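Take a look at this single chain, the form predicted alone, given in structure tokens.
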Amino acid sequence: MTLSDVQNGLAAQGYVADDRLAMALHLAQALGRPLLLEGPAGVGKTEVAKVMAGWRDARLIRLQCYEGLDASHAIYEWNYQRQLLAIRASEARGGAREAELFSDEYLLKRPLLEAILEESPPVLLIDEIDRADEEFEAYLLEILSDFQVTIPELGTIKAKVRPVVILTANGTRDLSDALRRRCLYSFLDYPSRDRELAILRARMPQIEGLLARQIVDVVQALRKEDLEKTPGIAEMLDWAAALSGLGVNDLAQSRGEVQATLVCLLKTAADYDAAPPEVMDRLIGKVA
């Protein structure tokens, strides 16, 4: 697999990757290493895993991280209710043996164990790893190093095939050096004007050239305003879809529709206050 294959594969899924990200994805697959994608929210980190799964025709397994996440929710746990029922049902036969109770039949497989047990290489997305506790991050190191899980009752289970692992982080907290050493790394920032325009054209080719340029230019300008939640690529695409659906062809001639559709771009009351009609008129005036 070449770098060109990666770029073409992502492009076929409608994802416009820059050269640095494409190279990181190429090397992650070639070397069998996890890839850590870091950057602000809304720049397409999670989407990378989704399009990789689509391109490779692979199963996407997602672990959404959060504070308090532990092994029972990320790796496995025993189905204690079924075990209890089995014990009660077997009492007439003299009781269930421990080996029967701790078998695959009673094992609840969570995302990390599912990825290890897959017969063909899945894409494992560990989303927002920086939201998980440091204790869980440390527990994750065994999996990322050797792609294996130790279950005391069953022993060590090794991956049949090595999954494609993508971790994302938004900078909520600093990640450990041990985790970073086990991963290749790429930082995703908000796209340049040309790349964002290419993204819009790839996802929504039906939008006319003037409107596409205006949408991208206004969003790029809006990101420079003093906002609490900077609009990302997904918000830009939502706004474009809303404007197109309303039949807008020129932002300068559709100020009312522009203001009404800001629900797609702005996510807090403070940001609405920061983008009144006069501000949007100013931004549109710069690009019209």
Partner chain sequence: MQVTRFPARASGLADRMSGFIAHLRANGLRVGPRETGDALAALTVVDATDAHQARQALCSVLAGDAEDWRRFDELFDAYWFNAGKQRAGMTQNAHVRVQSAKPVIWQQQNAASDEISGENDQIGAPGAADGDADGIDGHLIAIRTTNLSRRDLRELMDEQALKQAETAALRLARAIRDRRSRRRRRSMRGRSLDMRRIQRASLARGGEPMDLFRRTRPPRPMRIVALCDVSGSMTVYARVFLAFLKGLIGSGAEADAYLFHTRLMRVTDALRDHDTLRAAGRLSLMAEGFGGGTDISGSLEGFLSGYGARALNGRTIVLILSDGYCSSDPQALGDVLARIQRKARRIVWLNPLKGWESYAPVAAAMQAALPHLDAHLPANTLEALAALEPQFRKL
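What you are looking at is a predicted structure, and each value in this text was computed from that prediction instead of being measured. Residue numbers count along the first chain shown, from 1.
The form predicted in complex with its partner chain exists for this protein as well; it is not shown, and the discussion that follows is about that form.
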Item checked: Contact check for K45, R56 and L125 against its partner chain in the predicted complex, heavy atom at 4.5 Å -> no
Item checked: Of L140, A132, L112, L200, the one that lies within 4.5 Å of its partner chain in the predicted complex (heavy atoms) -> A132
Next item on the list: Name the single residue among R181, R193, K160, R88 that comes within 4.5 Å of its partner chain in the predicted complex, judging by heavy atoms.
Entry: R181
Item checked: Partner-proximal stretch of 247-255, 48-56, 220-228, 234-242 relative to its partner chain in the predicted complex, 4.5 angstroms, heavy atom -> 220-228
Notebook entry, point to check: So in the predicted complex, does any heavy atom of D174 sit within 4.5 Å of its partner chain?
Noted result: yes
Note to self: So in the predicted complex, is its partner chain close enough to D19 to count as touching (4.5 Å, heavy atoms)?
What the structure shows: yes
Check: Would M23 count as touching its partner chain in the predicted complex under a 4.5 Å heavy atom rule?
Finding: yes
Margin query: When the contact criterion is heavy atoms within 4.5 Å, does W78 count as touching its partner chain in the predicted complex?
Written below: no
Next item on the list: Note that its partner chain is not shown here; using its position in the predicted complex, name the residues of 25-43 with a heavy atom within 4.5 Å of it, in sequence order.
Entry: H26, L27, A30, L31, R33, E38
